[in-house]
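Let's start with one chain on its own, the form predicted on its own, as structure tokens.
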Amino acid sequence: MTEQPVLQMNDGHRIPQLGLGVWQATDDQAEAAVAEALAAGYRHVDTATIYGNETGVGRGIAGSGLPRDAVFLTTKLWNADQGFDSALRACEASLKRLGTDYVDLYLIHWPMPRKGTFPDSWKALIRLREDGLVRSVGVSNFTPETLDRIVTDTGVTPVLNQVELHPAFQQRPLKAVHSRRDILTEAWSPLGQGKALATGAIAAIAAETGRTPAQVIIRWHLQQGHVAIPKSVTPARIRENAQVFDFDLTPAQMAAIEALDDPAGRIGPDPDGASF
């Protein structure tokens, strides 16, 4: 794997642009996938409390032989743990499961605006950063309105917002907000849960470049400046997804993918109405 690029966040820390996602993996699957990814050159792993595999992720990192500071590790605060005190406790529990003294990035998983606890949760994340338990703080699935609320309340801007983003749902208005606020955009389900792989335009570009459809889409994310965290527990696909740093898509190819954007292309819940 060619050494991958890193992006600087607004707090001065840096994040590898490509990471391994472990959503829907068991502890044992996550441990094996993380071990495979780190051996293949990945240096960024993304998990969450609700995934139920923080223990496996921690084992995979610990067994890799890499020093802890060589791996960028993200986990997320689940909705049931929102609130100031409960968020502090939840982070400490995540650290225990992960077997580490800190995480590089801690995210509020969903804003849950109807619940109304995300502003206090954000204040807790700031405290955790001040206490050294997390190095950077960010959010996931936040809208322009919920971003405005936490920044107005605290003066602290998230380093990134992890949102659904793939060729069929490109989030251009939200990305414009991120750009104005110096917030990185991180894509979950960057391959559209596999649906984008069958798109004719993607297949044509794959044929033109001699790459797989997944590699084409990941390369599109990287050239857009996104952080991308494709999920896989299959060793060959983990390695394949990392072989994206030795080619570029042309402007015409980028435009062909951008033309796939669909306002109705969302796969996951709408953050404004999500209820878990």
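Residue numbers run from 1 along the displayed sequence. Bear in mind that the values here come from a model prediction, so they are computed numbers and not experimental data.
Keep in mind that the form predicted in complex with a small molecule is missing from the display, and what follows is about it.
- The listed set V177, L88, L197, A168 contains one residue whose heavy atoms approach the small molecule in the predicted complex to within 4.5 Å, identified as L197.
- Contact with the small molecule in the predicted complex, defined as a heavy atom within 4.5 Å, holds for exactly one of T185, S136, S94, S140, namely S140.
- When contacts are judged by a 4.5 Å heavy atom cut-off, A214 counts as touching the small molecule in the predicted complex.
- Contact annotation for K231: at least one heavy atom lies within 4.5 Å of the small molecule in the predicted complex.
- In the predicted complex, T75 stays away from the small molecule, with no heavy atom inside 4.5 Å.
- Of the heavy atoms in V22, some are within 4.5 Å of the small molecule in the predicted complex.
- Partner proximity in the predicted complex, defined as non-hydrogen atoms within 4.5 angstroms of the small molecule, places exactly one of 232 to 240, 33 to 41, 246 to 254, 64 to 72 at the interface: 232 to 240.
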